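Single chain ahead, by itself, as C-alpha cells, in the form predicted alone.
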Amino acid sequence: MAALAMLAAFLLELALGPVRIPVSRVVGLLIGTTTSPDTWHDIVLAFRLPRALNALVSGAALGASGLLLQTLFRNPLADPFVLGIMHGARLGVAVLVVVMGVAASALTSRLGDAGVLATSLAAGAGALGVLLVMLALARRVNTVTLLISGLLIGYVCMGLISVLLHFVDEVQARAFEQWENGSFDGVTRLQLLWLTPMTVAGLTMLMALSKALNGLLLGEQYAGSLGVHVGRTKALAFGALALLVGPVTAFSGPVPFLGLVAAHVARGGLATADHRLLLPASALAGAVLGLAADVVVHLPWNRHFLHLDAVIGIIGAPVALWVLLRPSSRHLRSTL
C-alpha cells in the first residue's frame, strides 16, 4: 500500500500545478510512448521531474534519519531539525560560502561536480559537528533538556549564519536565502546525480547496521554484552547521517519534522521495533510524505504561497499524534 501511495503521489506531483496535465500523458512522457505539446514535455521532464525526484529521495533520507536519531538518543521526539542538526548543515554551507567568496549556487555552476561535492561535504561536516555535540550532551542530561539543548544549538547556528553573511556581498546573501525555508524546488540534475547515490549509500549503511541498532534499543551495556561493537556502530551511524542529512539540507534547505513523522508512521504501522523492517518503512513513509507535501505546495493557489514546512506540519502533526496516542504503540515507545 505504501509503495502504491508513493507512486500515486509521484504521478500527481508531475500532473498537478498551474498547468494540469493528464496522468496518462505524464506516464507516456516518462516512458517515451506518447507525443505531447512541447510545453508539456518541458514542464514535466525539465521542471517537475527533478523536483519530484528530489522530494522522493530527500524524503526517504530524512525518514530513515529520523528513525536512526530516535534510536541513538532513545528519544521519540528526535529529528534532524529538532536536534539542530539541519541548522548545523546550513552553518557548514555558510562557512563554505564565506571561504570561497561565492554563493553556493554560483560555486556549483563554476566548478560543476566539484562544487556540488564541496557543498555536500560542508553541509555534512556541519551536521556531524552538531550531532557530536548532541551525543555528548545526551550522556549528561535527560530527554527534555536534550530537546531544549537541540533547539538552542539550532538558534546558535542561525545566529552564526547571520554573522557570517555580514562578510559577503548582497548578491551572495540573497542567494543564501534559499536555505531559510525548506523547498524541494530548484534542484538541478547535477545535484540529483550526487544526492541520489549519497542517499543510497547512507541507507545501505544503515541496513547493514540494523541488527546492531536493535541491540542499542536495549541499552549500550546490554548491546555490548550481546557482541555489538557500540563505538563502531555509532561511528558508522554518524557517517550515514552525514550522508543523508547533509546533501538534503545543502540542496533543499531545512525541512522540519519530516523525519520525526515518518519514523512514527512506520513504527505504528508495522507495530515492531525491528530496524530491518523499520528502516525501509521509514524511508518509504518519508518519501510519501515529502511527495504529498510538495504536491500541496505546488497546487495552483490563487492568493497565497504555501511553504513546505507549514504543509508538512499540517499533514504530519495529526498523523504523528494519532500514532503516538494509539494504545498498541505505547509499548513500542517504551523501548526508546
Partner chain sequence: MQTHVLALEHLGAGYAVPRQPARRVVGPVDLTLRAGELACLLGPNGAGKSTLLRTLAGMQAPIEGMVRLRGENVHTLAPRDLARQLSVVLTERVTAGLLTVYELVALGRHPYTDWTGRLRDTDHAIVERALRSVGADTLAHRLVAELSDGERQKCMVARALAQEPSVMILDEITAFLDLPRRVEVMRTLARLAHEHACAILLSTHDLELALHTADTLWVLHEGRILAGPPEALVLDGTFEAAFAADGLEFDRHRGAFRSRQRGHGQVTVFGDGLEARWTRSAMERLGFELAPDAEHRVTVMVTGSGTAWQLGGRFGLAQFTSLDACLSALQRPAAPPDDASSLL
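What you see is a predicted model; the values in this text were computed from it and never measured. Numbering follows the first chain given and starts at 1.
Omitted from view is the form predicted together with the partner chain, to which the following refers.
Checked against the partner chain in the predicted complex, the candidates Leu151, Val95, Val200, Leu226 yield a single residue with a heavy atom inside 4.5 Å, and that residue is Leu226.
Between the options Val82, Met134, Leu165, Leu217, the residue in contact with the partner chain in the predicted complex by a heavy atom within 4.5 angstroms is Leu217.
Shown alone here, Arg276 lies within 4.5 Å of the partner chain in the predicted complex, counting heavy atoms only. In the predicted complex, at least one heavy atom of Gln221 sits within 4.5 Å of a heavy atom of the partner chain. Of the heavy atoms in Arg267, some are within 4.5 Å of the partner chain in the predicted complex. When the partner chain is considered in the predicted complex, Lys234 lies well away from it, no heavy atom lying within 4.5 Å.
The stretch in contact with the partner chain in the predicted complex, judged by heavy atoms within 4.5 Å, is 205-213, chosen from 254-262, 205-213, 86-94, 122-130.
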